[in-house]
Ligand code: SAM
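Quick setup: one chain, the form predicted on its own, written in structure tokens, and binding and motion questions come after.
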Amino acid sequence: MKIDVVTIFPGMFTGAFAEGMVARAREAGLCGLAVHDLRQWAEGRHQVTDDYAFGGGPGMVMKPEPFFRAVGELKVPGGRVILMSPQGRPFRQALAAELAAAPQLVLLCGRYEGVDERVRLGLCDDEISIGDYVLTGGELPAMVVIDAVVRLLPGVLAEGSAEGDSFATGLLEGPQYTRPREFAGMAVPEVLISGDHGAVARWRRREALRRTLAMRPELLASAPLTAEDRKILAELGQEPVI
């Protein structure tokens, strides 16, 4: 996969992806990431990328021409152009998996009062929001999308590592433990050190259901639940809340 980011603050991405999983994926040739300064496609000595809004109002609006030139130069066949916007569709794990199948993502980062509407109408295949709040620009949301998508690319994680993630199966992931077996008066559940793989799998499923019921019960309405899952949920519903 090739990822191209268009922003007026390219330096924001330097530290974010200098270390960690995305950096290793780039070094291994599993993905390409290029961050482009929108100003290189702006005209004039000052390379202006924003202007006053028609109709008045506070703040500036990002001009359409630089974005159209940038996408025209960067986009490859099959690539998806995505505007990071608080008005976009919510970013979910399923959408991350969908984007991971694309050959290229071109992420457009707005600023100020947003981008000229013609960018959205004439350039973008999608708009994505990472939450119901407004940030100072699209750079941080773009970083979130990149991190979530790259970890799903083949070869980035150990095989099977992402399959039990929260949201991958429609549920939250259950608790995890490591050594020491006892710490601060809290012990690792005996089932996890029993060597009984079937019992461990059943325990993990039950705890995933328990955590989802307690913290994100709305997810259960769309999660693919078995008859056994529903029986467990009925039992959990009778337990005292901790």
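All values reported here derive from a predicted model rather than from experimental measurement. The numbering used is simple: start at 1 and walk along the sequence shown.
Just so you know, the form predicted in complex with the ligand exists too; it's not on screen, but the next bit is about it.
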Item to check | Ala101, Leu135, Ala94, Leu157 - the one with a heavy atom within 4.5 Å of the ligand in the predicted bound form | outcome: Leu135
Checklist entry - Are all three of Ser166, Gly174 and Leu209 close to the ligand in the predicted bound form, meaning a heavy atom of each within 4.5 Å? => result no
Checklist outcome for this item: Of 146-154, 79-87, 166-174, 118-126, the segment with heavy atoms within 4.5 Å of the ligand in the predicted bound form is residues 79-87
Checklist entry - Even though the ligand is not shown here, does Leu107 get within 4.5 Å of it in the predicted bound form, heavy atoms only? => result no
Checklist entry - How about Ile130: is it within 4.5 Å of the ligand in the predicted bound form, going by heavy atoms? => result yes
Checklist entry - Is there any non-hydrogen atom of Glu73 lying within 4.5 Å of the ligand in the predicted bound form? => result no
Item to check | Those residues of 181-203 which, in the predicted bound form, come within 4.5 Å of the ligand by heavy atom | outcome: none
